[in-house]
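The chain below stands alone, shown as structure tokens; this is the form predicted alone.
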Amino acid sequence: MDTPSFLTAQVLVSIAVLVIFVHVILGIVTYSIYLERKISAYIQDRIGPNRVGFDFGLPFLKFLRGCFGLGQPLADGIKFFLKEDYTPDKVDKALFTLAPMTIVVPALIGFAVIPWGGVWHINQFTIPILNWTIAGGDVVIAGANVNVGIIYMLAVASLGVYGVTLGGWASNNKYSFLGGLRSTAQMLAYEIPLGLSLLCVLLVTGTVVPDGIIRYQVEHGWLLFAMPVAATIFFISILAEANRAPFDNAEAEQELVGGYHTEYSSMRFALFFLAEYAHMTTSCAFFALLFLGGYHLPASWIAGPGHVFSPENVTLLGVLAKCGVYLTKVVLLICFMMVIRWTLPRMRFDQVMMMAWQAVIPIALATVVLTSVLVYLDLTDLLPMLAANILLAGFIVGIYPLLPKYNPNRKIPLYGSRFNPVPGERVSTRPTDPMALEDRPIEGTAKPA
């Protein structure tokens, strides 16, 4: 039987990568919940999950009890499956059901064009059952080896807003609706600096092929060091796009009960959170691709040229090593996002929007102009780019105090208050009880003899 013309080594590898990495992404998403709990516990001086193991209450699995709480994500999943899937009466049932799928699908297909392991050289082989002979050659370890990979990722990332908007609208709840509006406005605002910072990378590398961007960084150094301003803007934008703190106003509990997913329960509720972590994973993979060299690890000073992490190594061992490097970078970036969440307070919605339109977008435009000038002058090496970015950052810091200020939370003078006392009156807010003024009220402040 003749081998079908469409069946090539690249097609088979792409199918295998899609099947494998869907499960890898789902595994990362699952244990991101565990990492979130553990990191928040360490920051708050707690222990976090440390009881749920994999013993399932069975005596012969007693040795799997505890396991540092690694069974917690499984327990959470079982809990969501067993919860009642409740649908309120007044919702738009079709859109109410469609919204969780609409938000989780773009998050799970964005990784398709990422070259996780670089290039693998396959020799010619035969499929015994069908007697098909597949020609060998170099194949890219990606779900879809397309020439417009970066454009695809940008297009897919912009679809996530539809799930949030549909969930807020279909719930027929004013709090959900406000959360959906907030998320829509925020995502539209921060897609502009995200695209502009991406444009800086494309101007320097001159390609929209993901593997081409990685190979450029292998030769010229990681773009994180050459363009730190663009990298910072891109990271801020992916935080806002994923609705992560301090940009999680769409689900602010103090104001909106639960935000756009207030009316959801059971697995439909869980899908919104799975989509958030899937967006984080895909966004971190995108960031690592653009600014951290993707699968590249500068180990030539240890192993010499052609080492296992270099693009020139096209063996299976090299592919597995580069996949491990890429996934390690992704997990570390996810942990960094979690540290930011549990370190910085949530910004108000007006602050989020003012930051986008009055700070991040103008800086992104300035970065694009600066990068264009450097590309025109052929000054795209590491040192000229880094020096130009430092000068731009210094200019921004220097001009900020000179810009007009608008404070919507200015204190209103209230006659007789501590901020507007009666003429001749001195307001003191210190305690007057001597015990309250002591640093050591029991032992006393005097040093021991």
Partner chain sequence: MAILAPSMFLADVELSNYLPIVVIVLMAITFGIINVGVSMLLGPRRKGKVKGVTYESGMNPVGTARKRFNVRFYLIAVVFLVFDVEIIFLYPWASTFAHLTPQSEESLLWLGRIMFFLLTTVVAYLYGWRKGVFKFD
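This one's a predicted model, so the numbers in the text were calculated from it and none came from an experiment. Positions refer to the first chain, counted from 1.
Missing here is the form predicted together with the partner chain; even so, the following discussion is about that form.
**Student:** Partner absent here, but in the predicted bound form, which of 356-364, 222-230, 281-289, 329-337 has residues with a heavy atom within 4.5 Å of the partner chain?
**Tutor:** Checking each option against the 4.5 Å cut-off leaves 356-364.
**Student:** Give a yes/no on whether residue 195 approaches the partner chain to within 4.5 Å in the predicted bound form, heavy atoms considered.
**Tutor:** Within the cut-off, so yes.
**Student:** Using a 4.5 Å heavy atom cut-off, state whether residue 26 contacts the partner chain in the predicted bound form.
**Tutor:** Contact check for residue 26: yes, within 4.5 Å of the partner chain in the predicted bound form.
**Student:** Give a yes or no for residue 8: in the predicted bound form, does one of its heavy atoms lie within 4.5 Å of a heavy atom belonging to the partner chain?
**Tutor:** Yes, residue 8 sits close enough to the partner chain in the predicted bound form that at least one of its heavy atoms falls within 4.5 Å.
**Student:** In the predicted bound form, does residue 86 come within 4.5 Å of the partner chain, counting heavy atoms only?
**Tutor:** Contact with the partner chain, yes.
**Student:** Which residue, 320, 308, 134, 151, has a heavy atom that falls within 4.5 Å of the partner chain in the predicted bound form?
**Tutor:** Contact check passes for 151.
**Student:** Exactly one residue in 141, 239, 157, 204 has a non-hydrogen atom within 4.5 Å of the partner chain in the predicted bound form; which is it?
**Tutor:** Looking at the other structure, the residue within range turns out to be 204.
**Student:** Pick out the residues of 267-293 whose heavy atoms come within 4.5 Å of the partner chain in the predicted bound form.
**Tutor:** Read in sequence order, the residues that approach the partner chain (within 4.5 Å, in the predicted bound form) are 267, 268, 271, 274.
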